[in-house]
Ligand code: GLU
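Presented as structure tokens, the chain that follows is alone, the form predicted alone.
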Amino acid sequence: MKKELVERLIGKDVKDISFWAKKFPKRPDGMIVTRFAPSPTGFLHIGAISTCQINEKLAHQSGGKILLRIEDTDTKREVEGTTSLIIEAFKKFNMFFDEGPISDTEETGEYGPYFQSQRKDIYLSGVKYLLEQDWAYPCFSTEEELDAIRKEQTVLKFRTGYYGKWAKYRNFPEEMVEKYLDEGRPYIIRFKSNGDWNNKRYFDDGIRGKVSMPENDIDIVILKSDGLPTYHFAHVIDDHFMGTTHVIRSDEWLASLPLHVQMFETIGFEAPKYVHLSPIQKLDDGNRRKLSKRKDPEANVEFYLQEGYPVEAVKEYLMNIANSDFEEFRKANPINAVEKFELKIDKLNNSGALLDFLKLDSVAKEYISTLSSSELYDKLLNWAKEYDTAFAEVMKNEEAYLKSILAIERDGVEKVRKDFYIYSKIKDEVSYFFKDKFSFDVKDFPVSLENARELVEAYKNLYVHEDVKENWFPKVKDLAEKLGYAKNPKELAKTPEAYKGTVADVACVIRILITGRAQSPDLYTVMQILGKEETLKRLNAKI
């Protein structure tokens, strides 16, 4: 296309594409550069954390870089404020980028801007090059014309799209283009594909290996009427000039691979290596389906933050379901952080893992069990400051008391308790330590009310708050046997008519009176933390 017409279509001051090649320095040879490129069209999906973690690990374990790019050229779908939510969500998950936006107004790196809406001049240079080389053209088709094409293709049972004989303006004479421009007709710019749908081509995918797909023959839109590029075109320009070496993305983009590679080759750019990840799935009425932003609250990363799942546990769980080598790594390295794991692309899951909350809860329990009482207090307080401010105030006012509670079966013991798994549940788990939250129900007693009253009266007479731990349970055991309780279930089973229950039943009655529940951490330590006055008050409660 002649220069004057190109200038009419996109402007006179558009720089040659070579300008940007000089402006953006070439990355060092051998450096792996990955990127995560979300669109600000809603909340951040939990799958994004998984994908980003894979991108980050592949880059950093090789000494490379990961960048964040906000793909905000689809102004119709953009949701105001979501860019900030995306950036903040990554910060909360302790995921930081070497380059890209660090807020709505700040960014770092030599290859910016990192908001696509601010890179219009760069995209226009790419469009200019394609127009000059006759690899792009203006299209004046109206919505009515495009709709008529789709209907005709549907009736004829052809693929829908702008290609072949339906690409009306593909070879439109330049004099007619000028005439239409003179008339003020609106237009877009389309890529002129040289592909043939009937030809198969092989592509290399990092997980799937050789993938056979038809060549692309669709003349896609590369520049919209608002002057902004489409995703398909923008990512080619950006990934080239930002030096992206690996594009790791959801397999929903696999169908676009022939088009994307074709555009890289047409412009004369080296295509990055593509890795298409299978999305996280869930069971719905026995059927597997992709975790949906629209249907599933657990798709939102904020769900996990609000529930209080430790971000370290979520990241570990996601790496576990993403990479088949991770479980073996964890067995061999029980205390190393997930960041120490070396990821191999060919070991990534290619079938779509099911979201399993039982497994996630288990991972969270294991993680919290590694924390000291002070560490757990700090993390719990940080969570409460954002999601339960009333509890945060209680924690700050009762810091020493809360730390002593959290230390039960945690600090200085060989077998650490594993009942905590999310921060939002800890308040309820420790509520019985606070007088205004404590209650019990006699219906929970494992023995009759008459027998419960008898053993409690007897226990009060022998209770000594100053007793050392080693003396406490033997006293309970002796008392139980004197009152007619078996030493263990096996003994009770032999002659059930001879006993009122077991020693465990006696301990359970005391536990319910003290904590309001049949299960709790070490009861002796609980009573020591409550103190003599409160313990006796609870033992003297009317039952």
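Numbering starts at 1 and follows the sequence shown. Every value quoted in this text rests on a predicted model; they were computed, and no experiment measured them.
Keep in mind that the form predicted in complex with the ligand is not shown, yet the notes after this line are about it.
Contact check for Glu71: a heavy atom falls within 4.5 Å of the ligand in the predicted bound form. Taking non-hydrogen atoms only, Arg249 approaches the ligand to within 4.5 angstroms in the predicted bound form. Using a 4.5 Å cutoff between non-hydrogen atoms, Ile512 does not count as a contact of the ligand in the predicted bound form. Looking at Thr502, you'd find every heavy atom of it more than 4.5 angstroms from the ligand in the predicted bound form.
Proximity to the ligand in the predicted bound form, defined as a heavy atom within 4.5 Å, holds among Tyr401, Tyr387, Trp253, Trp197 only for Trp253. For the options Phe473, Phe203, Tyr231, Phe140, the residue carrying a heavy atom within 4.5 angstroms of the ligand in the predicted bound form is Tyr231.
Residue heavy atoms within 4.5 Å of the ligand in the predicted bound form occur in exactly one stretch of 492 to 500, 56 to 64, 38 to 46, 479 to 487, and that stretch is 38 to 46.
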